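Before any questions on how it binds or moves, here is one chain, the form predicted alone, in structure tokens.
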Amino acid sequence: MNHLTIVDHPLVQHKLSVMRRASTPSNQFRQLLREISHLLAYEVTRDLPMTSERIETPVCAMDAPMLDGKKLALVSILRAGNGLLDGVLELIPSARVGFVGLYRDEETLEPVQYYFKVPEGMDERMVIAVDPMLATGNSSAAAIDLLKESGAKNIKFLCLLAAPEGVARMKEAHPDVQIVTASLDERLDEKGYIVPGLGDAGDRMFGTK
């Protein structure tokens, strides 16, 4: 599946296993999510455009590699996306930030939009949408729809966990969007939760039920 990248780095996998434990408290869960987001960010930004700039080191002059083009845009799919957003933003503090507010109707499992705000010039930026869980894929696909309507053309999707059903839904709706995740889990249960998963990421981040 060349539209899916699984980051199997040992540190990522270890931290994810600790997050999966039902006994892991919210404060540790948030910290681990922040740490993992740093590691995932290296992979999702691997092909950022580069240029060179003439600089002076303490020894000599050189043509040094530098990022090129407009600053990238990080878009959090609320509310759980903020957990990944904070970590990636620490690594790329110059990035522009947007938000997509969606919640999942628990009966239909379909997304309902309540907020949308993104930076200008989306057509000229690499856009990274972040949400810890790619479950049914309905909310994620809807969020990408909105980003494309805003002009975004170069979009990646960063998540902590993905279910095969969500990956298939995203590939069907947006085959041009690369998915980067720490794990492709087994399946969804009858309530649309990822199995084995880690529960509701938002609830575990913020201590809500």
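Sequential numbering from 1, following the sequence displayed. Model, not experiment: these values are computed from the prediction.
From this point on, the text means the form predicted together with a small molecule, which you will not see here.
Every member of the trio Arg104, Ala135 and Gly192 reaches the small molecule in the model of the complex with some non-hydrogen atom inside 4.5 Å. Taking the partner from elsewhere, Glu186 is found to have every heavy atom lying beyond 4.5 Å of the small molecule in the model of the complex.
For Ala201, a non-hydrogen atom is located within 4.5 Å of the small molecule in the model of the complex, even though that partner is not displayed.
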